[in-house]
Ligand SMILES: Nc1ncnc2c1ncn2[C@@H]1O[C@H](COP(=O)(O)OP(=O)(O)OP(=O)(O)O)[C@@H](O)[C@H]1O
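There is one chain below, alone, in structure tokens, taken in the form predicted on its own.
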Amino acid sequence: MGKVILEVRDLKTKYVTRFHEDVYAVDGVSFKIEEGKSLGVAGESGCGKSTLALSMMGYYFPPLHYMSGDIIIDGKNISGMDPDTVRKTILGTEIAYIPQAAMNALNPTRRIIRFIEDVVRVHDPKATSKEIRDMAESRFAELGLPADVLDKYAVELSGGMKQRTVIAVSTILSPKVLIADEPSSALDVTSQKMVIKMMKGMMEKGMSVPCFSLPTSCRCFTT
């Protein structure tokens, strides 16, 4: 048995509606993932897959609320941790998230490279613009994205390019755990292959990937 990199213990989270009603979207979920492994989560629409993905980040915004349970990443329990501490020390490096609506995740008023610089400098304030660009160009190349995408705005990109850009940003700091919520659903077959190849390469280096609602074309990726 390999090293357990992510463990979720009896995690419970809920939504609170504007009528102050509780909706228990994640109710007592537990599982473990070993280093370099993946876990596929499948279920019908509305069953709580995306809520589980968000809950595992340990970074809650209303109407989603943490109730109880543990989220342990490489021995660190992030449950109930201060949100600012999670953002600065956990998100991006320990755990990262590819959202289901990835094409809507980019700020339309900023060039892609500015967005990446912000992400990197939260964790490494001394990183130079050249270092960040070199890092970004390398990751973009893995996903079949030309380097000039870095100087574009989101509105200038196609849907598939936006999806791959968000994946590149989510993995720019090579997190130990990558939560992928339908990571290739908006991509053509060629782009899906690039995404899967990149993720498999990162898994070979030790990254673990919980995947939610994997498309059929990703079947070969799940272990």
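Start at 1 and count along the sequence shown; that's the residue number. All figures in this text were calculated on a predicted structure; none of them were measured in a lab.
Keep in mind that the form predicted in complex with the named molecule is missing from the display, and what follows is about it.
Q: Does the named molecule get within 4.5 angstroms of any non-hydrogen atom of Lys162 in the predicted bound form?
A: No.
Q: Since only the chain is shown here, I'm wondering whether Ser45 would be in contact with the named molecule in the predicted bound form (any heavy atom pair within 4.5 Å).
A: Close contact exists here: in the predicted bound form, Ser45 approaches the named molecule to within 4.5 Å, heavy atoms only.
Q: Indicate whether Lys49 is a 4.5 Å heavy atom neighbour of the named molecule in the predicted bound form.
A: So Lys49 counts as contacting the named molecule.
Q: Is the gap between Leu11 and the named molecule in the predicted bound form 4.5 Å or less for some heavy atom pair?
A: Leu11: no, not in contact with the named molecule in the predicted bound form.
Q: So, Thr17, Ala25 and Pro63: all three within 4.5 Å of the named molecule in the predicted bound form by heavy atoms, or not?
A: Verified in the predicted bound form; spot residues all in contact, yes.
Q: In the predicted bound form, which of 28 to 36, 166 to 174, 188 to 196, 49 to 57 comes within 4.5 Å of the named molecule (heavy atoms)?
A: One stretch meets the cut-off, namely 49 to 57.
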